[in-house]
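Coming up is one lone chain in structure tokens, specifically the form predicted alone.
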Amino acid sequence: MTENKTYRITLRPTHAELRAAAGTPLRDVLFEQGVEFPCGGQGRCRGCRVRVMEGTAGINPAQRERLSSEEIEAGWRLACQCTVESDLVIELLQWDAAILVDDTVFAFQPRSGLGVAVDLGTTTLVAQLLDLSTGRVLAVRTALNGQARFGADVMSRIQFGVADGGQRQLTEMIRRQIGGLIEQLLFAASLTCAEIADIVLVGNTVMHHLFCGFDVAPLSHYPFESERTGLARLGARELGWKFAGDPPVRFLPCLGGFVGSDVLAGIMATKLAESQNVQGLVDLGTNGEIVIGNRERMLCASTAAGPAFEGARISMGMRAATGAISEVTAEEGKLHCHVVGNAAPRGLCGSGLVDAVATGLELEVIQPSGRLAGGDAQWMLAPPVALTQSDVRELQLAKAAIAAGLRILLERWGNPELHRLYLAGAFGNYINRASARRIGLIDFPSEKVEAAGNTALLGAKLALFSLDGEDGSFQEVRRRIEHVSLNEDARFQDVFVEELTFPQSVHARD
């Protein structure tokens, strides 16, 4: 019977060989090999293109709409739309990007036992095992979030989650994956049978709900608020984890709307809540989160920046992996593109996208309106990688959302002069600050902008050493934080439209 037949899938150029049952969605096979599905496997983008060199992969209407007849003839397919129908040889370039971890030295109050800190990101997962008596990191494990095959951004996950059985599938998947990471940590540290004293997780509101099993439906419609944002206490056994001692699991509380505990962790990591001066924190992810404040009060908000900063929805977008153009500069009118891994260019990551647009503005290839000069459809960076008109538009939307959110929070504060602005996360760690200012994303002098690294993971580690009173909910810090719903702000839409254009030139005050 054909339903029991399995086929061999060979990947090029890695020569990895896999086996899959007939009828298996190709995306399920290739996701484990690093192929990303930015639109959640809906066939709406070209982000999962692969080339079938041998074998059969069917063509459906979604592929005919997104692929040219020449591409189809050459064997190109959208992996999300194909199933395993025969033995296959597929051209696939590995996505081997490093995931941002944290090795910051910090002050702590020792406690006994082992602790695990987890940064549960929309795209990536990072887990660290610590000796709580010394603060020493004993092991680190990273992975792509397995849920990403159902969408690159939080709204795609919510959409899948509210469908029949979708949330249960996402919840079981992420619990199983993080449990597996913790098992790997213990194995790597030769502590397989050791008891864990505490496990702390942080993540955005959607990840918080999906992991804890809280209904995501309230986050799918106006006013995009949920009542289940507080500290979640779970036991390892109820999560299906079989660790000695059944350690307690804490998912730290969210701050409101789509501002999650990863931002609370960032506030702790940057000591923003202890600062006398007004400072800012921006996490430039798929859902851009912003905090402005000091030890007296803090304002926070989230804005739907979309996944452009991570390379999704960009025609040749990708994460910062081998083959990604990560830097673009110009000298005497000639472009210079740095490619990750010193390999042939095959795509454009977020930092490269910002650099490309900033450079294009300086060369007047891109106009302040965002139009490509001369009405061109694309601008070649390094063959075959080009920047298209739609790519520029995607960046405009993302940067306008962040810039408008910053302006609104600063206005609500009283337009203070920021002492420092921290950029959190992988994108914030690698972005060229001059380029970010050139496009109007971060309109602050470069010396005031600081890459803060993985503040979510650092904050989770700090929480392992702080129960913050009896319940560990960090109420003292949270009571000083006000969540601002930008979608309810009367000025946000006007400011957003103003921020869509690019600055005419570099600001003179620098």
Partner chain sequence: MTVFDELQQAIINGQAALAKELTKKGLDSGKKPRDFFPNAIIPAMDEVGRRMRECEFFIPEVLIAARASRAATDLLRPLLVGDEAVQAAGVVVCGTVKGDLHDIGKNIVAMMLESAGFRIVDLGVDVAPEKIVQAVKDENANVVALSALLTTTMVNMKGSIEALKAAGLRDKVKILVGGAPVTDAWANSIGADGYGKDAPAAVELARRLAATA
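Model, not experiment: these values are computed from the prediction. Positions refer to the first chain, counted from 1.
The same protein also exists as the form predicted in complex with the partner chain; that form is not shown, yet it is the one meant from here on.
Engineer: So the partner chain isn't shown here. In the predicted bound form, which residue out of 294, 315, 169, 220 has a non-hydrogen atom within 4.5 Å of it?
Structural biologist: Selected residue: 220.
Engineer: Looking at 371, 334, 419, 136, which is the one with a non-hydrogen atom within 4.5 Å of the partner chain in the predicted bound form?
Structural biologist: It is 371.
Engineer: Consider residue 24 of the chain shown here, and say whether it contacts the partner chain in the predicted bound form, taking contact as heavy atoms within 4.5 Å.
Structural biologist: Contact with the partner chain, no.
Engineer: Does the 4.5 Å heavy atom contact test between residue 20 and the partner chain in the predicted bound form come out positive?
Structural biologist: The answer is no: residue 20 has no heavy atom within 4.5 Å of the partner chain.
Engineer: Mark residue 396 yes when one of its heavy atoms lies within 4.5 Å of a heavy atom of the partner chain in the predicted bound form, and no otherwise.
Structural biologist: Result yes; residue 396 sits at the interface with the partner chain in the predicted bound form.
Engineer: Given that the partner is absent here, does residue 159 sit within 4.5 Å of the partner chain in the predicted bound form, heavy atoms only?
Structural biologist: Yes, residue 159 lies within 4.5 Å of the partner chain in the predicted bound form.
Engineer: Does each of 63, 67 and 344 have at least one heavy atom within 4.5 Å of the partner chain in the predicted bound form?
Structural biologist: No, because 63, 67 and 344 lack any heavy atom that approaches the partner chain to within 4.5 Å in the predicted bound form.
Engineer: Heavy atoms, 4.5 Å, the partner chain in the predicted bound form: which of 318-326, 222-230, 102-110, 238-246 makes the cut? Say which one.
Structural biologist: That would be 222-230.
Engineer: Going by the partner chain in the predicted bound form, which residues of 484-499 come within 4.5 Å of it through any heavy atom?
Structural biologist: Result: 487, 488, 493, 496, 497.
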